[in-house]
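Only one chain is given next, in structure tokens, and it is the form predicted on its own.
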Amino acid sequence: MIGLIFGPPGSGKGTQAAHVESVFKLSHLSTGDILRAEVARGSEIGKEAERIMRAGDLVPDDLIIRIVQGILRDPNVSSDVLLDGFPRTLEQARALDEMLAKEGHKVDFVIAFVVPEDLLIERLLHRAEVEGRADDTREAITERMHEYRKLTAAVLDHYRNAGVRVIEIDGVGKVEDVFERIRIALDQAK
């Protein structure tokens, strides 16, 4: 089973993905966490990604596609995955579809969070303060919101048009309440 967890920065993708991973036995693959780990290691990919993320831009498609291909080919990664933070563009979505088709798989569902932008900015600024995330400055957040609206919202239409079940989830409220909405929707999708 292949699922995507999708939404603007600060919508709760990572938090909720951990719950989905635990309850539905999917391997949670967060491209953001993977990129931050590369930055911390000081790898070439990490250095390039750090410069881009500090500017508030998305990592280029070709770079992130190569990273995801490597992860999905890893024999230690389950074939039941929940991708968090990928795909963010139509090019990435098409590349993912092609990768999966070669293995006889497809995206089975998309969880898409709906959260007001002012709340997202508040969440991200709080997270930056608590976790010391250098990529969560007000300027970077504003740029990421712009990039999200410009590029990644079209990915939802891509999957809807392909017949993939897109589950819109109200991302406002307590973590437990948001997860309960996801759990009910995924149970109904079975």
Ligand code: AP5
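No experiment lies behind these values; they were computed from the predicted model shown. One-based numbering along the sequence shown.
Separately, the form predicted together with BIS(adenosine)-5'-pentaphosphate (AP5) exists; it is not shown, and the next lines address it.
BIS(adenosine)-5'-pentaphosphate (AP5) in the predicted bound form comes within 4.5 Å of a heavy atom belonging to residue 124. In the predicted bound form, none of the heavy atoms of residue 29 sits within 4.5 Å of a heavy atom of BIS(adenosine)-5'-pentaphosphate (AP5).
Contact between residue 175 and BIS(adenosine)-5'-pentaphosphate (AP5) in the predicted bound form is found at the 4.5 Å heavy atom cutoff. BIS(adenosine)-5'-pentaphosphate (AP5) in the predicted bound form comes within 4.5 Å of no heavy atom belonging to residue 129. Taking 149, 133, 41, 138 one by one, only a single residue has any non-hydrogen atom within 4.5 Å of BIS(adenosine)-5'-pentaphosphate (AP5) in the predicted bound form, and it is 133. Applying a 4.5 Å heavy atom cutoff to BIS(adenosine)-5'-pentaphosphate (AP5) in the predicted bound form picks out 8, 9, 10, 11, 12, 13, 14, 15 from 1 to 29, in order along the sequence.
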